[in-house]
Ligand SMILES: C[S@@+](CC[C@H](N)C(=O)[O-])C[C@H]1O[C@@H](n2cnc3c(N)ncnc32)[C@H](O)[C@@H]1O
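We begin with a single chain expressed as structure tokens, specifically the form predicted on its own.
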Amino acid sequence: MGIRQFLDIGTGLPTADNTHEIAQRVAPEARIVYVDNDPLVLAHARVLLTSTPEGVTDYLDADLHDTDAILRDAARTLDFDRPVALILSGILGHLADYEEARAIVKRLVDALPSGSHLVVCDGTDTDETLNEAQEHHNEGGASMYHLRSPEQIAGFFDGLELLEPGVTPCSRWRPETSTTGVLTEAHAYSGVGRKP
């Protein structure tokens, strides 16, 4: 039957093919909860994030640090007795302390039942030019982002069963066939892990 519930934390501004659009195209009854703490994202989400009549799409105004509030409020829409896909895409780099980021991921995954999945995608420190640009950006102090090593990103999956091909550059994680046959390298790594 597959996963029919999704908790997408750090969703950002709605775009084309958001989580709910893809999930409900496959399973109209899918239930999706988006979480972000940006007022601009909230304003757009209320207008753009709709749902199929069979499913549910909800939005929570919450901070990643407040895992208890996220889990409590998401439980109004999601059934935490059934598997959930937890999506953390481009959000963990906003946490400066790696051990704090791991603790937050662990707390969220611990609240999910067996058969749930963790999806992580975040920027990596695999390119010196990108590293320098990110350091320069962070000096501005606006919205800092911390690049991590591929090994650190793999650490978010401790205790989970990694799906093939494991933690790898996003462009190489089950890529679609390219019309040119050439993959564009990404300096972001991703993976999907299943909770036993």
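What you are looking at is a predicted structure, and each value in this text was computed from that prediction instead of being measured. Start at 1 with the first residue shown and count on from there.
There is another form of this protein, the form predicted in complex with the named molecule, and it is not shown here; the text below is about that form.
Item to check | Contact flag, T124 vs the named molecule in the predicted bound form, heavy atom cut 4.5 Å | outcome: T124 lies outside the contact set for the named molecule.
Checklist entry - Just to confirm, H65 within 4.5 Å of the named molecule in the predicted bound form by heavy atoms? => result Yes, H65 sits close enough to the named molecule in the predicted bound form that at least one of its heavy atoms falls within 4.5 Å.
Item to check | 4.5 Å heavy atom contact, E135 to the named molecule in the predicted bound form | outcome: Contact check for E135: no, nothing within 4.5 Å of the named molecule in the predicted bound form.
Checklist entry - Any of the heavy atoms of S89 lying within 4.5 Å of the named molecule in the predicted bound form? => result Within the cut-off, so yes.
Item to check | One residue of R72, R82, H94, R102 in contact with the named molecule, assessed in the predicted bound form (non-hydrogen atom, 4.5 angstroms) | outcome: Exactly one listed residue reaches within 4.5 Å, namely H94.
Item to check | Proximity to the named molecule in the predicted bound form, single hit among N37, N131, T50, S149 (heavy atom within 4.5 Å) | outcome: Selected residue: N37.
Checklist entry - in the predicted bound form, which of 24 to 32, 56 to 64, 150 to 158, 166 to 174 comes within 4.5 Å of the named molecule (heavy atoms)? => result Only one stretch passes the 4.5 Å heavy-atom test: 56 to 64.
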